[in-house]
Each structure stands twice: as structure tokens, then as C-alpha cells.
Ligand SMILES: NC(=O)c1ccc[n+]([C@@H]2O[C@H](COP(=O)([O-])OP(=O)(O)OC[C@H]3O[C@@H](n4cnc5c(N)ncnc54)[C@H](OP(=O)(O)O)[C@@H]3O)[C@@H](O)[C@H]2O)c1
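Take a look at this single chain, the form predicted alone, given in C-alpha cells.
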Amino acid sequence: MRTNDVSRLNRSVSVVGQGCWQLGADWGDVADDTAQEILAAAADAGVTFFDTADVYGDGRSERAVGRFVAQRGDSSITVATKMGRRADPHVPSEYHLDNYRRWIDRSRENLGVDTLDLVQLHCPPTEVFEDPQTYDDLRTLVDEGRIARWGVSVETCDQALRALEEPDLASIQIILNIFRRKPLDEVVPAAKEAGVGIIARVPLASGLLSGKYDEHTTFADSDHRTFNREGKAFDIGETFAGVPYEVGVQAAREVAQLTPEGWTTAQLALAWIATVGADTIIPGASTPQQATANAAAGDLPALDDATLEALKGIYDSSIAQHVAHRW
């Protein structure tokens, strides 16, 4: 698979990574053995970037990734985790050095390492991004050897642009997909100029951009695509990229009609993200076969101008009115 060198991260990362939320919770049940098979399938297909978080299954995802990496013994693998959503409530006063140390030490134990490759602030309140002390605390964690690099996972473009003011920011994780294009206006160009990595999450709009769902598709009660459609559990933008489900289904049908012969619609969606400038893309997978198919998109060519323009037309006519003003 192709890789991208990220200067601020000081690492090379696979174009397609592996998102590990599904291995923890909120996407139905993935058995422990299946989780290991998914991780192995991804790595066998060339994936070197694995993204998890301390709250995915209350540490279950981190432990699964840690077990896999220990058994794999591959020094090219980068594991990114996230911290901050263990704060209860999610108020700015909970985001301070003592809590960071506590959360990170738990992740170090879960992942079985002394120093975490990359730790990202996990979508905290905007006030946390605006506070200079936040970044001083993250630098302290680097100085203490708890983490090697730090980044941010954001909900909004404005949050990303504020973090980009920091000279040692390594990465920005942001929702970027055919249905969420706003980061292309300012965030992606500014990150590229600074050498900051762009990690594209929710790349398939929670599966909408697989082209496999219709108006009658249902999801398990434990799946966020059931319980978070109105944003009751966390930011609604994390579920179907914030697009109303029925609108997304119809738009995804139009996207599917543009799929090149021999590709899947999901691969088209991932190839779009690679074409427009993400350094690594982190689709989830609930089976080893999905992980392998996703990874195969990392070897596909860039999309041609006609396809790019047609996809933009779908966004402009159907999707932009629902998402562009919000994030």
C-alpha cells in the first residue's frame, strides 16, 4: 500500500489505516477473536496506522490493539489513541494535567507500552482548544516520556485551525468524506503547509457511503446508528456524518452510480479522500473481509476530474445544506 510521510509525526503512515472504534463498542458486538482477525487482515493488507481511544468499550479496543501489536512485533506500526472523553461531565475544568496523566497511564497499561506513539485530544469543548495551558500540558506529557507526539481530534474546522497555531501539533483527526467537504477549504491546505498530518475519520459516513443501505436498513440497539441519530449520546456529526439518514441513502445511490468497474462504492469513497489530501484514512471494519477491502483502496489511482466534479455536484445539491454551516 502507498504511504505518506508526515513530518510533524516523524513517521510514515499507510494511506488507509484501521479505525478501531468497532472493536470496543457502539457498533454492535464484535467478538474478541474477530477483533484480532480484523486487525491481522488489515496489517496483512499493508495497514500500518491503527486508531483507537480510551473510551471505546471502556478500554476494550485499546486492549485488543495492544494484544495484537505485541504479538505482531512490527516496528512500522503506529498506534494512535485518544483521551478526554472519560471526563464526566465534559466540561473545560476537567481537562487538566492531573487528569491527562491519569487517562494516559491507563492507556499505556491497556496498550502495554511505556510511551504512546500519538495521543489526540478527543473532541473536548471548544474552550479547551482555546486555552494555551492545554498545549503546555501536552508538552509536559512529552517531556515526561508518557507520549511521543500529540494531536487533536476535532468536531469543527475552527477547532482545527486554532490547534494549527501550535508549532508542535503533530496531527488533526477530522471528519472528511464525500458528504463532509468543508475541511478542504482551509484545514487541509494549512495542515499540508505546516507538515501536520490529516487523519480522516468517519470516511464512509457510518456506512452510508458503502452504498449498501436503504430506507429499510436497521441497526442493533447498541449501535450508535440507532441511538445517536438525534445526537442524544454525542455530537450528531459522528453518526452518518450528520446527514439525515434518508437524505444520505438517496445521495449514496447517486454516488454508487459513479463507481468505476471493479471497485466497490466504499473504495470509491476512500479513494476520494486520498485524492483530496488526507494522509491516512481510518475506516472501521466489523469483519476481516471488510478490513481487506478497505485497505485495497490504498492502492487505487486518484479519481479523475470528471468523477470529482460529479461527486461535488451531489454534495452541493443534496448534502451541503445539512452540514456545511454546522462543522
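Keep in mind that what you see is a predicted model, and the values were worked out from it rather than measured. Position 1 is the first residue in the sequence shown; the rest follow in order.
There is another form of the same protein, the form predicted together with the named molecule; it is not shown, and what comes next is about it.
* Asked: Though the named molecule is not shown, can you say which of Asp117, Asp131, Glu238, Glu166 has a heavy atom within 4.5 Å of it in the predicted complex?
  -> Going through each option in turn, the one that passes is Glu238.
* Heavy atom contact within 4.5 Å of the named molecule in the predicted complex, the stretch among 186-194, 200-208, 248-256, 137-145 -> Stretch with heavy atoms near the partner: 200-208.
* Given the named molecule in the predicted complex, answer whether the residues Thr156, Phe179 and Val243 all have a heavy atom inside 4.5 Å of it. => Result no, not one residue of the spot touches the named molecule.
* Asked: Does the 4.5 Å heavy atom contact test between Val16 and the named molecule in the predicted complex come out positive?
  -> No, Val16 stays farther than 4.5 Å from the named molecule in the predicted complex.
* Heavy atom of Lys232 within 4.5 Å of the named molecule in the predicted complex -> Looking in the predicted complex, residue contacts with the named molecule do not include Lys232, since no heavy atom lies within 4.5 Å.
* Is there a heavy atom of Gln173 lying 4.5 Å or less from a heavy atom of the named molecule in the predicted complex? -> Although the named molecule is absent here, Gln173 would touch it in the predicted complex, with heavy atoms inside 4.5 Å.
* Asked: Is there any non-hydrogen atom of Arg149 lying within 4.5 Å of the named molecule in the predicted complex?
  -> It does not: once the named molecule is placed as it appears in the predicted complex, Arg149 has no heavy atom within 4.5 Å of it.
* Asked: Within 96-135, which residues come within 4.5 Å of the named molecule in the predicted complex, counting heavy atoms only?
  -> Result: His122, Cys123.
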